[in-house]
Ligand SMILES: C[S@@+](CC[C@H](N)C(=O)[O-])C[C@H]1O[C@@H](n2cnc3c(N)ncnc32)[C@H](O)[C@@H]1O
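A lone chain, given as structure tokens: the form predicted alone.
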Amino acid sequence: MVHLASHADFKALLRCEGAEGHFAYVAPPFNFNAPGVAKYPPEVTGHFLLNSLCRRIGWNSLSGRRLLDFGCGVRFARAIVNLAINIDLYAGIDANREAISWLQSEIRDPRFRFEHLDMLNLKYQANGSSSVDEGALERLALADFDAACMFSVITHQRPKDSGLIFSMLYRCVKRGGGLYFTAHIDETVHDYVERDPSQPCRLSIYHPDFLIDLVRKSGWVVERTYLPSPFQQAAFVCRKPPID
């Protein structure tokens, strides 16, 4: 026989914790990932890559961190919101004005900030501005980040634009902070090539030593490199020197 707890027993056991907190969910109508990645839910690949970034850059988690994501798309914002990942600030920069407008409109969480950058790119923004300079992000008051990251961004950049982006991000990250980015590398090419010359910036290939030189010219110290792994190309971990 099942004995039901008495009213007094229930009251003795009852604990009032207040509301569970606000439930948040976003479903951006965009997916910019390659077909082999896009077949998985964005939250799954986003969570996997954020964990990889943390581990490789030397963080236990994103908790208390300020992360600047250049070429952000929508995947990481979706993962952070829908999986309730703890972070101090996530700032996303992208050339896709429509996606940024959607994120600005739909995500009202103060831990997030999104900005459109009208920067020329022969693949993604052929009508973009060619006058973007090293201070473009700094003028948007994007500063004092613990790290900046780029996934599949340098993959679509000419060397002069890659160098400009490295310099822009250098100004936004605090002393001792990090840079994590991925790129397509090939030790058989001379410096840099476009895999398909008829479609510039569709697939930009770099010799790893040439790419490391570009990074160093922007002030970064390259600490480690990684071969391609699930959902990401070859990866580079860099550090902004703690002092000049």
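No experiment lies behind these values; they were computed from the predicted model shown. One-based numbering along the sequence shown.
Missing here is the form predicted in complex with this ligand; even so, the following discussion is about that form.
For the options Ala79, Ile107, Ala91, Met119, the residue carrying a heavy atom within 4.5 angstroms of this ligand in the predicted complex is Met119. Remark: Asn33 counts among the residues lining this ligand in the predicted complex, judged by a heavy atom distance of 4.5 Å or less.
Although the partner is absent from this view, Ser152 contacts this ligand in the predicted complex, with a non-hydrogen atom inside 4.5 angstroms. Looking at Ala147, you'd find every heavy atom of it more than 4.5 angstroms from this ligand in the predicted complex. At least one heavy atom of Ala95 is located within 4.5 Å of this ligand in the predicted complex. Partner contact region in the predicted complex: 120-128, out of 120-128, 80-88, 170-178, 139-147, criterion any non-hydrogen atom within 4.5 Å of this ligand.
Contacts between stretch 62-85 and this ligand, counted in the predicted complex as any heavy atom lying within 4.5 Å, involve Phe70, Gly71, Cys72, Gly73, Arg75, Phe76, listed in sequence order.
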